[in-house]
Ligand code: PHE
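Coming up is one lone chain in structure tokens, specifically the form predicted alone.
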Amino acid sequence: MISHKGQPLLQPETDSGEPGPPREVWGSKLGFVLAAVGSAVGLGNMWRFPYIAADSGGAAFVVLYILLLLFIGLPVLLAELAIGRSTRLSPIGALRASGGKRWAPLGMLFVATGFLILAYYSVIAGWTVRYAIDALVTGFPADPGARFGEIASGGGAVFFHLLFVGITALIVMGGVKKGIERAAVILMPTLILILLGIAIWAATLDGCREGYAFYLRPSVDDLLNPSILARAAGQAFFSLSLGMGAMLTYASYLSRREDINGEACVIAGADFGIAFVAGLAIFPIIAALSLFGDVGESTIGALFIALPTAFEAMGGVGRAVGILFLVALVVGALTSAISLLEVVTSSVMDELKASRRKAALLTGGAIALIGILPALSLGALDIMDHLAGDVFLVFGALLLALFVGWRMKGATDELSVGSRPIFVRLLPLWRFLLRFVIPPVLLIVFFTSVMAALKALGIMAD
């Protein structure tokens, strides 16, 4: 491990004999990759991606998303992995160890961002659980808009929010191997199989070509639109779980024998692949029933109004497909929520020297309590989403790029450990991107996101 002055820090060895503080480790490379993919893949892929794409030029948004994922998201992901594995600490301690006390607030920002996101994310996940139960028991409602109005806030929303946080906390209490990894190994293959099946079925629908054309045919004018660029960047960070310390925390449980460059490529590729397949599943369904106007109306239009309308209109087959789709949503939401709670739990364990059980109960309880507010008010949920999901994430990623690019010592050495030669040769490009390309892009995205958030919250006029 490297200190902020570039000198090795002496620490006790782990049970495996590796340098670093005693710490849990992943049981296998597959377990880490599936857990990290699970962190990246969630409602960000299947909830945010479709409505943002529909409202941002369709294919143009997808093209920009791919470019930003490769040249912005992947380098920042590698930066988080390098910090996490080198320090073997959660965000606050990791930034303090690798950059000094002045950088500890960045770790605090990561923890606060993950805390706030999970507080409202669990409310949305609770909606998906309730929709899945409703679909299984009574079928999809004839008027999804009215039904959503009934369940979006109030006592029922609070109950399902608390239920979801409770399930997440139980898994995190189980630890890295027996809790997080075991859940990921079961849940992620389930999600992928369901989503692939729905995408194949959607290809048989009348009108699917219109959905594919919208999704896959870019407009040059839209490609140059700075607003779409900002939304694509925000989606890339939200989807990859960047700027909230999730990947940093997961990397802190990694062995130094692992090739984190290759694993980062797998994580980013799987994240995009699942989001892309989700679009192949959703847009043909929307096109088949001419529901494009309903998708971009709000952040919940695609998921809780347009798609239930489509599934209901398709009869028995639509109900079966809809139930499977909601199950996939619940699974994706759970794997992402686990990583968010682990960030906060791990930080409490490291900073307060608490046991995992006590830390998970404390942090889960606090998140459950704060989440009651967005469960009772859609306005509060919207504010938290704009602040944490659009502003804090990008700001945290910007500071992280500056820190690793200009301040952190030994970052390229860390990524070289266990890496294949082809990745080692690309590390100078990685450092160049972190120093000279990513910061100005993220500054533009950050400014645009702040302006959009102020307008959405009514603080600034259009």
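Numbering starts at 1 and follows the sequence shown. Every value quoted in this text rests on a predicted model; they were computed, and no experiment measured them.
The following text describes the form predicted together with the named molecule, which does not appear among the structures shown.
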| query | finding |
| --- | --- |
| Which of 133-141, 308-316, 334-342, 282-290 sits within 4.5 Å of the named molecule in the model of the complex, heavy atom basis | 334-342 |
| 4.5 Å heavy atom contact, residue 110 to the named molecule in the model of the complex | no |
| In the model of the complex, residue 244 touching the named molecule (heavy atom, 4.5 Å) | yes |
| Contact test in the model of the complex: residue 43 vs the named molecule, heavy atoms, 4.5 Å | yes |
| Contact label in the model of the complex: residue 325 to the named molecule, heavy atom within 4.5 Å | no |
| Partner-contacting position among 363, 347, 98, 239 - heavy atom within 4.5 Å of the named molecule in the model of the complex | 239 |
